[in-house]
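Take a look at this one chain, the form predicted on its own, written out in structure tokens.
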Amino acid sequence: MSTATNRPVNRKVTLLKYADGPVTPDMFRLEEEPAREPGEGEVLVETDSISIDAFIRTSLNDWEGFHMQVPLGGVIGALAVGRVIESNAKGWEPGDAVSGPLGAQSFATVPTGMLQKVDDSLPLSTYLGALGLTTGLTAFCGMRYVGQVKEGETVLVSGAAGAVGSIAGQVAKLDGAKVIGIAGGPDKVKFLTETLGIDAGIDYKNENVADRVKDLAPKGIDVFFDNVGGEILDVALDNIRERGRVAICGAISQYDDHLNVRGPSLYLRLAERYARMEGFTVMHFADKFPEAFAQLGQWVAEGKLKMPEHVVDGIESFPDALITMFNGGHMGKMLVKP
């Protein structure tokens, strides 16, 4: 166990009020306090990078949904990576690289049972992106085990320039599919085709999505990986092929009014075409994590899988980074460096 006489100052983002519609800066407060000394079985971690994920929005309501609600005055929940700087736990040493739910703060004192040690031969942020639970593993499990993509099939991905969408499209491409990504703006379409190697992109802000899907996939789509919901889900259902699959990963277009989510109006296409629509979270595939992690890691090592990062500096920038993600102002993995 190491000892420290002068604890570092922890800067943390706490919840001042619950959301009533879109996330706004006045919901949050930046606070400072001395980092807490680790109790038995705990370590003090200095945060390296914080993951900005869509699930955070669902924890900011004045009612508890699928993800645990953040209490007023509580630290905003978020996954992060960092290094142990003080330990009161056997087998955990200063310098160990770790990942886990450290929250939106510069230092975190947590039980080791909440953490996973990671190999620091890769940049630590890799374990939030390509090898991250809410990004790479989510995309891989959704595409491989829910979408069950096959070589030669046509795959459509919404939110394709975001973190999960970026990986999902590449997984489908590496599995031999033709991949069409939907994103907002010409720069994002260029990002899909030139940076990620996706076959084609659709700019939903400036193009008619329904018309473009029919142009690019005249025989229909076999798999739709949905991160957005709303009208785009109906477009996909209208173009689903016989025995097609729809993987519902998220519905970011609906999160600001979670109690009044708009469902698809064309769901009967599933019956007409003997297709299926299946929702999932990554935790439904915990038994598949070793296989998924190994494949993703191999692709990263071989340079076949790309995960560009949008990095914002300063823990005080966390609220703005979260808002930027929901406004579609990023490409790839959104991170905050405290």
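All residue numbers are counted from 1 along the displayed sequence. These numbers were taken from a predicted model, which means no experiment stands behind them.
One more form of this protein exists, namely the form predicted together with a small molecule; it is left out here, but the text below deals with it.
A.B. asks: Picking from 115-123, 235-243, 133-141, 87-95, which part of the chain touches the small molecule in the predicted complex when contact means heavy atoms within 4.5 Å?
C.D. replies: Of the options, only 133-141 has residues within 4.5 Å of the partner.
A.B. asks: Name the single residue among 296, 60, 54, 35 that comes within 4.5 Å of the small molecule in the predicted complex, judging by heavy atoms.
C.D. replies: Going through each option in turn, the one that passes is 54.
A.B. asks: In the predicted complex, does residue 251 come within 4.5 Å of the small molecule, counting heavy atoms only?
C.D. replies: Residue 251: contacts the small molecule in the predicted complex.
A.B. asks: Report whether the minimum heavy atom distance between residue 159 and the small molecule in the predicted complex is within 4.5 Å.
C.D. replies: Answer yes; at least one heavy atom of residue 159 falls within 4.5 Å of the small molecule in the predicted complex.
A.B. asks: May I ask you to check whether residue 168 falls inside a 4.5 Å heavy atom distance of the small molecule in the predicted complex?
C.D. replies: No, residue 168 is distant from the partner.
A.B. asks: Residue 282: heavy atom within 4.5 Å of the small molecule in the predicted complex?
C.D. replies: Heavy-atom contact with the small molecule at 4.5 Å: present for residue 282.
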